[in-house]
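Just the one chain here, laid out as structure tokens, in the form predicted on its own.
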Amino acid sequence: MLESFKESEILSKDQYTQELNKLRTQLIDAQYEFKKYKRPMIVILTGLDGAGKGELVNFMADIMDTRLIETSTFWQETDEERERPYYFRYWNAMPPGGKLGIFFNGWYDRTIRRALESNDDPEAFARGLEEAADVEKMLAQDGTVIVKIWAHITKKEQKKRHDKLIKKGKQSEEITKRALWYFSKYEKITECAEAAYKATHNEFAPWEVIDCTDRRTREIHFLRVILDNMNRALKGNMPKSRTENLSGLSFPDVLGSLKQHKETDQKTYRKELDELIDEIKPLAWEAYQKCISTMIVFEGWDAAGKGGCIRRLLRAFDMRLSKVTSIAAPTSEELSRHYLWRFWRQVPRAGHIAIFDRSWYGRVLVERLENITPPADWFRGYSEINSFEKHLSDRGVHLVKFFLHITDDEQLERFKERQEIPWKQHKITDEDWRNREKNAEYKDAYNEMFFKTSTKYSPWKIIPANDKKGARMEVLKHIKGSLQKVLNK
């Protein structure tokens, strides 16, 4: 990419004016057409210090409708960002569908900066690029337009600009010092850029190198890149998922082999439940003091008792530390972004606890079985979910996933009970009965989910839940042991 870099031919003033007038109209037309597009366009603008990246974006703002553009700089991490996985800040800044987002340096910033500042080991650098490629592919296959621009100038040109900067003497000492530091790292920066290009330049997120030596040339090139990629999406030329549903495969029948327990004695239940609650409370506060955040997922059959387990858990967690999120159908705002966006935004701050009644697993469950999502998209969900949970694990998030299992006969009894008892009638709907007709299909989907998403860093804990009281105690016992384990690491 940069090894064979040659400065672009400089545009004359007449050529520039003619091309700019044409692009101005084309870009506005494309922008208003792109408003209807279901996903955003993200431009990762990075490159060499002094190349004029800020000037390019300011120039673009004079040409295009700024109401449809969001710019994110990602300078200093906030306290909230530092307490969460690295990619939280980028997911949080994701613009809605139909908008253009400019990410200065984007998710490559940390990977390249570490290599410059601490001579990060090659394996860590490669992992950083791998993570970037993984996120880009995930977004692109969902329809987000990802374009990466490297703003380039030669070392001679950079020195010329830095000398001019110093000579002016109008900049602060800090800015001057920063410019000189980047100049001293020119070779290392271009080496990192070359490696990033080779590892992550693909159909999902291509790189574009812009020669920023001449102002007019770089401006026209930049606008062309924006226009070409916007049109690429509008014409339906986005990369398609090559992952298809593989029919005919069977997975271990985890649920079929699970043994249900006998009903727990009420006196034993009361005594042990109170003891578990008292034992968990100090552990939750210790996790808060040690800045260990917790995410607890509840999945399971309708009427399996998820709500009852969550209520008992909340007795053990101070309400100031915990939050329950019930996952319903996505809003229009959520539908305009990748489905994981709303879950990234729910990652708790350090020391806090997030409890999910249903979760991101809806992608491979209800969206699959209700034909809400095409097979190629929900099938991709397994790897996307594993990637999300790996980000959480790498950041030290304590993630626990429960599945509450009841038999068909037990579910039928609970459905009837809900119909008969006045204060439980709100829990049963026609949709619950309709879903029950698909129990065999759901069972297959659950078994496939366990097989593909129970990992070393995020295993499933399957709870026999015909006995409600026993299930609640087993959930609390597991939380207690899990917290003790992470606190003693």
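Residue positions are given as counts along the sequence shown, with the first one as 1. Keep in mind it's a predicted model, so treat the numbers as computed, not measured.
Beyond what is shown, the protein has a form predicted together with a further copy of the same chain; the following relates to that form.
Colleague: Only one of these stretches, 310-318, 184-192, 342-350, 399-407, has heavy atoms within 4.5 Å of a further copy of the same chain in the predicted bound form; which one is it?
Modeller: Heavy atoms within 4.5 Å of a further copy of the same chain in the predicted bound form occur in 342-350.
Colleague: Can you confirm whether 85, 88 and 142, the three residues that make up this candidate site, all sit within 4.5 Å of a further copy of the same chain in the predicted bound form, judged by heavy atoms?
Modeller: Yes, the whole candidate spot contacts a further copy of the same chain.
Colleague: For residue 336, is any heavy atom within 4.5 Å of a further copy of the same chain in the predicted bound form, or not?
Modeller: Because a heavy atom of residue 336 falls inside 4.5 Å of a further copy of the same chain in the predicted bound form, the answer is yes.
Colleague: Any of the heavy atoms of residue 138 lying within 4.5 Å of a further copy of the same chain in the predicted bound form?
Modeller: Yes.
Colleague: With a cut-off of 4.5 Å between heavy atoms, is residue 96 one of the residues that contacts a further copy of the same chain in the predicted bound form?
Modeller: Judged by the heavy-atom cut-off of 4.5 Å, residue 96 is in contact with a further copy of the same chain in the predicted bound form.
Colleague: Using 4.5 Å between non-hydrogen atoms, is residue 364 touching a further copy of the same chain in the predicted bound form?
Modeller: Output for residue 364 is no: heavy atoms all beyond 4.5 Å of a further copy of the same chain.
Colleague: So which of 357, 417, 80, 208 reaches within 4.5 angstroms of a further copy of the same chain in the predicted bound form, heavy atom to heavy atom?
Modeller: Contact check passes for 80.
Colleague: Which pick from 154, 176, 202, 387 sits with a heavy atom within 4.5 Å of a further copy of the same chain in the predicted bound form?
Modeller: None of the others qualify; the residue that does is 387.
Colleague: Taking only heavy atoms into account, state which residues of 380-409 are within 4.5 Å of a further copy of the same chain in the predicted bound form, ordered by sequence.
Modeller: Result: 380, 384, 387, 391, 392, 395, 397.
Colleague: Note whether the distance between the C-alpha atoms of residue 127 and residue 451 decreases (closer) or increases (farther) in the predicted bound form, against the displayed form; the change is 3 Å or more.
Modeller: Compared with this form, residue 127 and residue 451 lie closer in the predicted bound form.
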